[in-house]
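Same chain, two versions here, written out as structure tokens and called structure 1 and structure 2.
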Structure 1
């Protein structure tokens, strides 16, 4: 009940949207299963809001089609789509009370008074605001307004819920609480949801799947773990989590492993490139281990990369420490749990060691002539 059942609920097929000469969405495909929460993650201006507006019917695509629950809604106006939207600014009606806002959708559908009252009470208790029904919305805190916006969207029992940066106006602690609470609530009611954010932690916390968007296209669509562990493109790698990246040229390739000459030395990575190709080699900081004395014991291990350098900074961050190591003019980032870096000091010689299997390699986007 709490997991998506796999049946497609929202189908976005090859949708393009242009504003004048600007192509804001370029042949986007996305299928959201019933009960699934898919997050659109991407930098400002990549088209996240635009894609949501197309699903809500607040804008119409130039090409492609959108279907909700098997019905083609590409040209259906928003008020006949039954799609709930929680806007970034909440867009609560300032002339109505909390209950008036939540009742709005049912009232315009002409439902009888008692039914509306019951639905409002039920929805307000769902978001734990049952005691605030008669308040003016301007007399609410940001977190409470956010819940009213959610309750208003839920009250009409929409096919799909759309959230446009719905939590970004909240301060950090409240936002993290709301992420967990909202995720639980959505699972409870089995809602299909599309969630927009440019906060990667929020996306990783909340989503069944994440669509990383860039320049009006979906770069990668995957569940959070895959996205983090196996970023398909350099853009995804840079946008989700931290990484160290160095450029280089492929020296040799064999059996799905490439050897790359870089300023920090010769590195190996899993990938298929012809010798001579310009590439970018990358790794996550938590995979880099710091070995203080460079007289390594694992001398000939071909499954590991090794870089010798000098510690530039040790940054204590509570549960972990970040170590910046300089080698060949590049700065490599390592992350050690707890006080694992207690005996390291800036200026010390250090050797970084990490598995080839956790080394990414991508074509160098800037090397094109």
Structure 2
């Protein structure tokens, strides 16, 4: 199985893009290694699709440079960049067969018929559609059409594959299956790929690294586990996964741990802030344990945060249950596996307990200077 070898394959350096007075991308830097799959993740309007279009050559930056395989392509037209693009709509030709669609890019490049036939056979085999070459694409399912679009992009042996929300048109179960299948295929052929999505689960499932984008900039670039476990900014925390957040003021700080006064009581978190700083304390809900008998629970462990409150809601979600606990006018979110919440009822007294080591702290973006 192929894996990223660390050699730079796509280099985006200080790229900016403006449309009139609107700055869509602001001095973005990103390097993608050969054989790596990097996902651009963010909300609508954050600049991720614009960045993909710049790599594809469908738009030109006002500032900065883009290189693919060591070649500066900043102002090279799309057809001379040797990139493959898979769009959300797939952009297939309904009047052509599956094989005709896959062959199209090679045919317009003037490749010999024998070479085209070999490439079509090879790529259809890769996406497991070799038995459907003569079928019209209009007769295919959504998942099959997605594979045809991928085969067409692969047939020209591109330096880099670009995916623009390529799985978003599929229903949930098929999309999840295709995420796993597409990742397997890209690793198998050692492809370099950049994937655009607004779906955090899709990004976590497929990526070697994820670039979380916000307001035309990259907020954080990291592997999926690091991104989820140690979000560098409050935006990343909120966009990737669920979280409990409470505002407060730093009361003390020592040895990389801050003590924060909040509406739910005094909490501790990992971080470096001066006393008096307005902050947001946060934690992932799966780290919060719910103790039904708060009065009988030992609260003497200083390595753990404790909040006493009342169960507001218990929401069953199949393999897990979501519990909302109200305390000090705030709602805190916990997540328990399986039937861990079977004995909890709305109105019950409860204590939330979670490790200080799994508690984050960030500057409060809404605090007045």
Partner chain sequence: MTDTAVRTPVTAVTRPDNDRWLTLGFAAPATVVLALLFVLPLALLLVASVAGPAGFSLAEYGRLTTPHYLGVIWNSLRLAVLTTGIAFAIGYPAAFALARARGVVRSALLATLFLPLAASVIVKAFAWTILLRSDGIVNTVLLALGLVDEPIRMIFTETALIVGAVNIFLPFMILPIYAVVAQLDHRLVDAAATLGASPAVAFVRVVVPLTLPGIIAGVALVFSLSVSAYVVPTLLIGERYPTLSTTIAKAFLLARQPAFGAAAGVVLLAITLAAVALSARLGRSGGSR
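Between two forms, the rigid core is defined as the largest C-alpha subset superposing within 1.5 Å. Residue numbers count along the first chain shown, from 1. Computed from a predicted model, the values in this text were never measured in an experiment.
The first of the two structures is the form predicted together with its partner chain.
If you fit the rigid core between the two structures, you'll see the Cα of residue 96 move by 2 angstroms or more.
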